[in-house]
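First comes one chain, alone, set out as structure tokens in the form predicted alone.
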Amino acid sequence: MTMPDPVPPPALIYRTRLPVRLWHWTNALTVFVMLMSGLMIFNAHPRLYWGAYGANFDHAWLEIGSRGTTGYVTLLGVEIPTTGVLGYAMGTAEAFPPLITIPSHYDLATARLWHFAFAWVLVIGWVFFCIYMIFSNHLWNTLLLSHEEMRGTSLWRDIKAHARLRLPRGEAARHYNPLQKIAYLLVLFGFLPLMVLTGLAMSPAMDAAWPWLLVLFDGRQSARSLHFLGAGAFAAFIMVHLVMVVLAGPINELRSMITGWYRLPPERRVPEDRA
């Protein structure tokens, strides 16, 4: 009886550079604070409109409210009961419950201070990270898709593998996979600029200085709606990201984002046919 060849230990590689790690953790804190303070700001007027104008008696495409102790969400004219989750939760008649807002009690002025302060952190961090990506070749070497990865068959193969929870292993895990690259590029050059520009468009002072913002987004209320939808997309991205970290191995992934060192997951062993 022959013994199987010993399996070599997985390789330990330096995968995540210090600037990437610093930006990741700073951005993680910033986005959470901005999401939670943004929910408190939304609580001040929990209705969304399209166009230049919107007030209590105008038609809202989204409304979160309560009638007594009954919470509801009205989306495109369809009312959905949400008692205990939205509109009325934890004994509070607010659109979003105090557990997920900053501050945890109604305080619009303080929420705006938190939101605007961390908005500066977000923008400054994004600018410096873009400069780093360009001059370190991180953008071209790590994030941009290769010609092979941009092929429809390659992307479809990667989508099917993720749907089956068959994450890259071995040498394939050394670099970001195509879906990771697309997600990060959308966040960096899509969602982040959209959030910043729509946030500026909601400021009367910025509208006076840059009136093209209102033209770009077809009015302040449209900008507010897009800002809210962008925040929802950010929240969805974070949830998917955390799920993928757990599936890929949280200890290994956290070590990579804290120390930079990452242990390549071993290749899947294909069982040999038996005679």
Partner chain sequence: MTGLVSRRNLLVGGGSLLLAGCDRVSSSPTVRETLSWGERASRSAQRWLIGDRQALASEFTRADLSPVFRVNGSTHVTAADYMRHAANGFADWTLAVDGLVAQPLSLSLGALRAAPSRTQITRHDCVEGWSAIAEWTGVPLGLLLRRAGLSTRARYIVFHCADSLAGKPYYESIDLVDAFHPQTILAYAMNRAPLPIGHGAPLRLRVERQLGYKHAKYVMRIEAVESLSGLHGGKGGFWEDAHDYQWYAGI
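Because the structure is a prediction, the values reported are computed rather than measured. Numbering follows the first chain given and starts at 1.
This protein has a second form, the form predicted together with its partner chain, left out of what is shown; the following refers to that one.
(request) Tell me, yes or no, whether Arg164 is in contact with its partner chain in the model of the complex, where a contact means a heavy atom of each within 4.5 Å. (result) Contact check for Arg164: no, nothing within 4.5 Å of its partner chain in the model of the complex.
(message) Even though the partner isn't displayed, in the model of the complex is Trp120 close enough to its partner chain, meaning a heavy atom within 4.5 Å?
(response) Judged by the heavy-atom cut-off of 4.5 Å, Trp120 is in contact with its partner chain in the model of the complex.
(request) Please check if His45 has a heavy atom lying within 4.5 Å of any heavy atom of its partner chain in the model of the complex. (result) Answer yes; at least one heavy atom of His45 falls within 4.5 Å of its partner chain in the model of the complex.
(request) Look up in the model of the complex whether Thr69 has a non-hydrogen atom within 4.5 angstroms of its partner chain, and give yes or no. (result) Residue-level check for Thr69: no, no contact with its partner chain.
(request) Have a look at 60 to 68, 244 to 252, 22 to 30, 219 to 227 and name the one stretch with heavy atoms inside 4.5 Å of its partner chain in the model of the complex. (result) Only one stretch passes the 4.5 Å heavy-atom test: 219 to 227.
(message) Please tell me which of Cys130, Leu185, Leu108, Leu179 lies within 4.5 Å of its partner chain in the model of the complex, judged by heavy atoms.
(response) By the 4.5 Å criterion, the partner-contacting residue is Leu108.
(request) Identify which of Arg157, His175, Arg112, His138 has a heavy atom within 4.5 Å of its partner chain in the model of the complex; exactly one of them does. (result) The residue in contact is Arg112.
(message) in the model of the complex, does every one of Gly87, Gly190 and Val240 come within 4.5 Å of its partner chain, counting any heavy atom?
(response) No: none of Gly87, Gly190 and Val240 comes within 4.5 Å of its partner chain in the model of the complex.
(request) Any residue of 16 to 55 with a heavy atom within 4.5 Å of its partner chain in the model of the complex counts; write them all down in order. (result) Ile41, Ala44, His45, Ala52, Tyr53, Gly54, Ala55, in sequence order.
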